[in-house]
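Shown here is one chain on its own, the form predicted alone, set out as structure tokens.
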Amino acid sequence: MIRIDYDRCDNCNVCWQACLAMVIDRGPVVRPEGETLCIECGHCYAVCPRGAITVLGYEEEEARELPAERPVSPEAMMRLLRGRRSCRGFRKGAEVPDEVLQGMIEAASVAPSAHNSRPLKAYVFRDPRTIEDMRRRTLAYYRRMARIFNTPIFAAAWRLCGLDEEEHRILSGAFLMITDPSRDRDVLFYDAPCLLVITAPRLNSMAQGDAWLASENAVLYAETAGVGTCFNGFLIMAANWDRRLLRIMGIPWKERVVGALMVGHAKSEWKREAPRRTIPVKRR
């Protein structure tokens, strides 16, 4: 809910124009049903030229004025995006500073959220013993999956269901790759000293998208701080089917793991952008 300070308000009505939830009527005045309609998105607060609006419940939050010019140019942003790499090799013993992790979580917290509901939670794993327990349990899950996926009966059932055969081939190979006992290095977490996991309510479909957006915000922030990250889909899938793994992680079953990031300092220093094809576009 919001409050308007009429000693400051000059009746420009830009808040009314910005309020798509129709909490504010022309005047401006808050509608009687405003408390029910307001999603606390803060549009009215952010657009008011006189600082006449307060979002109740956020009075203690620090709010900074925006600069007249964009803080990042389109060219600089594109260079950041093109230069970012998924890190699959982390320096052992190189801890991630607390301020970087806090910045990643703050960046995740300001990502778009359906109806501004923001039902996400973040879990940070830095204890080597816990990470090793997670690794062992995840690999145990995929050893079972590798046995199932590589049976002729399962492959036939996959085809009968009309699922993508190429996806089946990729998954079968990936499960065998990460569980291959002959490998002498960690090909699941790549020795990452830290894991950042973002969850959403299991039965809230809109929140799943919120969590992906939040995770990407965290990744981009880490890139500006010189810290490497990589999404870990293996952990996501295993955690959402294996209750024992969730217990190791301290995550209740009512939450779904949506974003899982390995975080640390990269072993390699990238020298140039990797080539990428632009997504095909159809214009009508």
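Quantities reported herein were computed from a predicted structural model and do not represent experimental measurements. The first residue of the shown sequence is 1; numbering continues from there.
What comes next is about the form predicted in complex with a small molecule, which is not displayed.
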{"query": "Interface membership of residue 233, the small molecule in the predicted bound form, 4.5 Å heavy atom rule", "finding": "yes"}
{"query": "is_contact(residue 158, the small molecule) in the predicted bound form, heavy atom dist at most 4.5 Å", "finding": "no"}
{"query": "Partner proximity in the predicted bound form: residue 135 to the small molecule, non-hydrogen atom cutoff 4.5 Å", "finding": "no"}
{"query": "Partner proximity in the predicted bound form: residue 205 to the small molecule, non-hydrogen atom cutoff 4.5 Å", "finding": "no"}
{"query": "Candidate stretches 237-245, 224-232, 50-58, 37-45 - the one whose heavy atoms come within 4.5 Å of the small molecule in the predicted bound form", "finding": "224-232"}
{"query": "Partner-contacting position among 151, 102, 73, 86 - heavy atom within 4.5 Å of the small molecule in the predicted bound form", "finding": "86"}
{"query": "Contact at 129, 175 and 253 by the small molecule in the predicted bound form, all three, heavy atom at most 4.5 Å", "finding": "no"}
